[in-house]
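There is one chain below, alone, in structure tokens, taken in the form predicted on its own.
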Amino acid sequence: MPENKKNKFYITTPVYYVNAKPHIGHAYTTVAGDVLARFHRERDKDVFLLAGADEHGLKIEKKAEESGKDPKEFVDKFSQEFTSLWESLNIKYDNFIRTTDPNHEKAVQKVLQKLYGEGVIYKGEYEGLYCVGCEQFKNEGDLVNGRCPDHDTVCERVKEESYLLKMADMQDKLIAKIESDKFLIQPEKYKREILSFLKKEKLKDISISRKNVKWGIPLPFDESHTTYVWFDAFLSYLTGLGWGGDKKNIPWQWPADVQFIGKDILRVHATIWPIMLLHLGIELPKKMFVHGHLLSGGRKMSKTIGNVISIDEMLEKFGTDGTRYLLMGAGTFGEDVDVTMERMTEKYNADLANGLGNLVSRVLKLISLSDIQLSKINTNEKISNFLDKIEPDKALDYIWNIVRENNKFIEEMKPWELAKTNKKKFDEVMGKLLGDLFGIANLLKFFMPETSGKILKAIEIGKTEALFPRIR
């Protein structure tokens, strides 16, 4: 353990379900995690960013069968696609946990045995409406015309022998943790949503096992059952730090400082997960930050509608930093955000090609470094405030205001004329422009690390190639 545990900062993204290729939504959450991790590393925090893959369950079992593959071979392929995408997006995670890792499976079994021994998990029967797509039981109130709103499929009525986790006995404790912000849920509207749900009805004990699903972790006390996929996946937030399942040896990085999740998995993350921790006597995460959906043309992305935006296509068209910028600058982080390829292409051309790229090339064409005193901008406090509040979009808006102001300043001051008529004024103007450019490059390092490095190098050598050529 480090001398100063207070200096640690632990960030998790969801462990994504690897039944298909990663999509733009996965990239959106994970880039946000990486931006926050880079920001806190810059502050000399001992940062740990966890990414991962949720690899068990009925949906994967079925998909593997359809593709004629063994489930492990199937998840190996898709987990590799996730790690390759994170590399393409320049995401610097500290561990990529897979729920098929032997150490994870052992820790899950240890937890199951402990809770079963304490009577917190007990054998019973579960009946409910089950959505295979969500790997989740649904309440009638969750459905739209009897169908799962996320997958537009009819839920199956399932009645089977099951092991259940006690929920209601921890309900009041959970409400108190959320109300006091000891377990902080942000933005505020999601905190209100969960409190309203928790105060409206008594929580039912939930199924934590399936008897008819082979692809999962067997219960140590009844091997005819495998662990319900959510129970297994949640514990990866601890096993990803090397936890072995023993309460006496909680990793020093715990509790998580920020857990990023999409709003579609809020309910399970804000009820089942903290109740598991309360039963185990383990501290709850400090903060759960919930973001909205990425929509396209006002509608949820769907292959049927044909409005899916491919993250591979974005990378090919806009490059790594262009894609990171467009994801983080797409709209208010925490709300639903609407993106289309047309609008992103316009934004790329306006902000990156005409805005930042143009500024860099104009300043460096005019510069003669020997005569210039940099008047560096110091705006880190503003950016810190935005990123402390997890407002990456506002941080980028702030940086781009500086870019726009500098382009406008060049138009007004016409330094190419001053170079001939007023050398002193020219040096002053260029000192301000170069100082601002240096500041912009430093502020961009969390969002666009490659671009930040290129600008700083260009300032050093006094020349650059086009950073962001215009695209159609």
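The model shown is predicted, which means the values in this text are computed figures rather than measured ones. Numbering starts at 1 and runs along the sequence shown.
Although not depicted, the form predicted in complex with a small molecule is the subject of the following passage.
Between the small molecule and the residues Y130, Y237, W86, F183, the one pair within 4.5 Å by heavy atoms in the model of the complex involves Y237. When the small molecule is considered in the model of the complex, only one residue from D264, E160, D101, D205 comes within 4.5 Å through any heavy atom, namely D264. In the model of the complex, no residue of the candidate spot (L49, W243 and Q253) has a heavy atom lying within 4.5 Å of the small molecule.
Contact between G25 and the small molecule in the model of the complex is found at the 4.5 Å heavy atom cutoff. With a 4.5 Å cutoff on heavy atoms, V15 counts as touching the small molecule in the model of the complex. Looking at P187, you'd find every heavy atom of it more than 4.5 angstroms from the small molecule in the model of the complex. The small molecule is not drawn, but in the model of the complex it has a heavy atom within 4.5 Å of D54.
Contact with the small molecule, judged by heavy atoms within 4.5 Å in the model of the complex, is confined among 287-295, 391-399, 114-122, 170-178 to 287-295.
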